[in-house]
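Following this are structure 1 and structure 2, which are two forms of one protein chain, each written alone as structure tokens.
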Structure 1
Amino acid sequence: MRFVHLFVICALVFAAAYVYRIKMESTVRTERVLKLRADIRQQRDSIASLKAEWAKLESPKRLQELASRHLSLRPIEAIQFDSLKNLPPRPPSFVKPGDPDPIGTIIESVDLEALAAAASQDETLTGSIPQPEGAQ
């Protein structure tokens, strides 16, 4: 019986301590939530005022005044528009479809290793095209 009493008292103490911890924790968390909420509110408010300022800065009236002061541009005229169908026809292609691109083949034919080797021998070699055969 005494043992039971002791056990119950211990349990009570533990429970009290545990409840106290939970209480503290929850208080801390509540504080944090409130602080975050206040932060969010503040951020939203500042976003709103920044947006308002932005809108003020890009107000067409202000932009027009700035443009007329600093730029030599004029309003666009209808005659300056054109449609895609009025573009000149595409120039004829010399490469048949399916053939490899001639310029691409030239570039790929360059032997990079030989080039690097040649560069190490001759400091004057700069270009990407290898020197002619008999030049060295």
Structure 2
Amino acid sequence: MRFVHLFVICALVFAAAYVYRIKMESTVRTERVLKLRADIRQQRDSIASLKAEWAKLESPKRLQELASRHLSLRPIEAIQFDSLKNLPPRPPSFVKPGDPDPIGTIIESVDLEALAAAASQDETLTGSIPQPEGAQ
């Protein structure tokens, strides 16, 4: 009978130590979670203050003041526009009048059926993206 009592007392001491260990671990984890939440809150506050500072820096009124202070810009006036007749002449054409369009000739010379056949045999849509399996 004494052996059973001794065994039960040892089991109770072991159980109490185990429960104490679990409680301490949960306390440490709770403190870690609270610290992480505080860090997250601090980072969010920092982000909000940076966004506010950015909004202040890019405000149109501030930019207008800086531009007027440091740049010699003036508003556009109607006399600054010119008419179309004062534009420079058109550059000379490399294609003589009556000759076929060289780009159109190249496009017409491409064999579309050969391109379609090559595209259906090729497993890639582009150089790096494989073609979907159901697309063939």
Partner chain sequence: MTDQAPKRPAEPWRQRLIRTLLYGRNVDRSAKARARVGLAIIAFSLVYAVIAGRLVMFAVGGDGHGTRRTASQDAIATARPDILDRNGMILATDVKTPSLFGEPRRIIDKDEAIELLTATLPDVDAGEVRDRLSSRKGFVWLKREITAQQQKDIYRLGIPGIGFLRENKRVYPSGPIVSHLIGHVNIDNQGIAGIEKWLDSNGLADLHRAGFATDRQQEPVQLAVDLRVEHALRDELLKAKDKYSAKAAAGLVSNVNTGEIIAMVSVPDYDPNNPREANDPTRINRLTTGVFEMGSTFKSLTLAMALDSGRATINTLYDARAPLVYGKFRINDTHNLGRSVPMWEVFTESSNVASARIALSMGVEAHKAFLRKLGQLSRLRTELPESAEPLVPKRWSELNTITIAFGHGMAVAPLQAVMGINALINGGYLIPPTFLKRSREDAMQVAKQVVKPETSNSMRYLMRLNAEKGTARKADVKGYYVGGKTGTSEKVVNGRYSKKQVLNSFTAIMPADNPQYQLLIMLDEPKGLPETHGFITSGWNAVPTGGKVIERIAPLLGMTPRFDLPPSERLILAASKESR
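Think of the rigid core as the biggest set of C-alphas that the two forms share within 1.5 Å after superposition. Just so you know, these numbers come straight off a predicted model, no measurement behind them. All residue numbers here follow the sequence of structure 1, with the first residue given the number 1.
**OP:** Report the structure number, 1 or 2, for the form predicted on its own.
**Re:** The form predicted on its own is shown as structure 2.
Original post:
Has the Cα of residue 12 moved 2 Å or more between structures 1 and 2, judged after a core fit?
Top reply: No: residue 12 shifts by under 2 Å between structures 1 and 2.
Subject >> Following rigid core superposition, Cα shift of residue 85 between structures 1 and 2 in Å >> reply: Once the two forms are fitted on their core, the shift reads 21.1 Å.
**OP:** Give the C-alpha shift of residue 64 between structures 1 and 2, in Å, after superposing the two forms on their rigid core.
**Re:** Its C-alpha moves by 2.5 Å once the cores are overlaid.
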